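Only one chain is given next, in structure tokens, and it is the form predicted on its own.
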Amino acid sequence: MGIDIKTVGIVGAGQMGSGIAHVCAMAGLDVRLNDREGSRIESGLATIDGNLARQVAKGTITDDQRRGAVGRIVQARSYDDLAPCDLVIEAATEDEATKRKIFSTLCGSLKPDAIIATNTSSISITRLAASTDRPERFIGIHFMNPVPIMQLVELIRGIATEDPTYESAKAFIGKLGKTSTMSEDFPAFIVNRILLPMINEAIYTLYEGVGSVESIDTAMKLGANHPMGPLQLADFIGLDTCLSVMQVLYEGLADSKYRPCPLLVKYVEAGWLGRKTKRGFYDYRGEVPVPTR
């Protein structure tokens, strides 16, 4: 039997962490939001409040629901503040050393039966679990971005993850009103293993001069019925994240088809990471995004 998850801790109050806090609070769960920088917790809470207010304006939730959700999220200034949590989800930067350090420090503050999860999009769950004191209670819970809108959550078992941990995580995703899919612990899991090579191939198509940014995105939107072109999507995800997932695939599977496109590397080296830096395959500094190639 798994445990009934009522209180959720989140480590990392960035885009993903605040999105996870948002959906947990809306589902009636108590949330403790932590970040190593206190100011990020505050900006995370402001983002959540703004997103909930937008939902009220659209009529998808009531103002009472918004107030209730905001009231269920409290700031956790230290890992000790996460002590009452049944589940703690790490949503820090996509860097293995950073994540391992969080897990090895965090474990001492948690109750023995608490489940630890990572929101990683590509790093080995088995390896991350090994940096905790409870690999059998460790699991990958990979939310898609933006969390409040995307319906899918990938659940990834490490080699040591026990059945009750998986069952608890699956029930937790059900409480959030989302659908879970089970993936084995191989590089980039299911979604990113299929999606990122497609984006990388679109960048190769640009790099080789087969088409311009605009023609590639138009081709995939109208020719394959994708809601967003692959280069537009890359900018949305962040080109640094795209590159790190491609590197994980390339190193983890040792197959040349996963080689990151040199043009992607060049954009990341330039600091043109997409929407978050105002420039990527499109320039976002004006009224309308303009292709940069």
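For clarity, every value in this text was computed on a predicted model and none was experimentally measured. One-based numbering along the sequence shown.
Only in words, not in the display: the form predicted in complex with nicotinamide-adenine-dinucleotide, which the text now covers.
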{"item": "Contact flag, Asp217 vs nicotinamide-adenine-dinucleotide in the predicted complex, heavy atom cut 4.5 Å", "value": "no"}
{"item": "Residue contact check: Thr93 to nicotinamide-adenine-dinucleotide in the predicted complex, 4.5 Å heavy atom", "value": "yes"}
{"item": "Close approach of Gly17 to nicotinamide-adenine-dinucleotide in the predicted complex, 4.5 Å, heavy atom", "value": "yes"}
{"item": "Any non-hydrogen atom of Arg40 within 4.5 angstroms of nicotinamide-adenine-dinucleotide in the predicted complex", "value": "yes"}
{"item": "Sole residue of Arg36, Arg259, His226, Arg54 within 4.5 Å of nicotinamide-adenine-dinucleotide in the predicted complex, by heavy atom", "value": "Arg36"}
{"item": "Contacting member of Ile173, Ala188, Ile102, Leu110, with respect to nicotinamide-adenine-dinucleotide in the predicted complex [4.5 Å, heavy atom]", "value": "Ile102"}
{"item": "Residue stretch of 129 to 137, 161 to 169, 112 to 120, 207 to 215 approaching nicotinamide-adenine-dinucleotide in the predicted complex, non-hydrogen atom distance within 4.5 Å", "value": "112 to 120"}
{"item": "Residues of 120 to 159 having any heavy atom within 4.5 Å of nicotinamide-adenine-dinucleotide in the predicted complex, listed in sequence order", "value": "Thr120, Ser121, His142, Phe143, Asn145"}
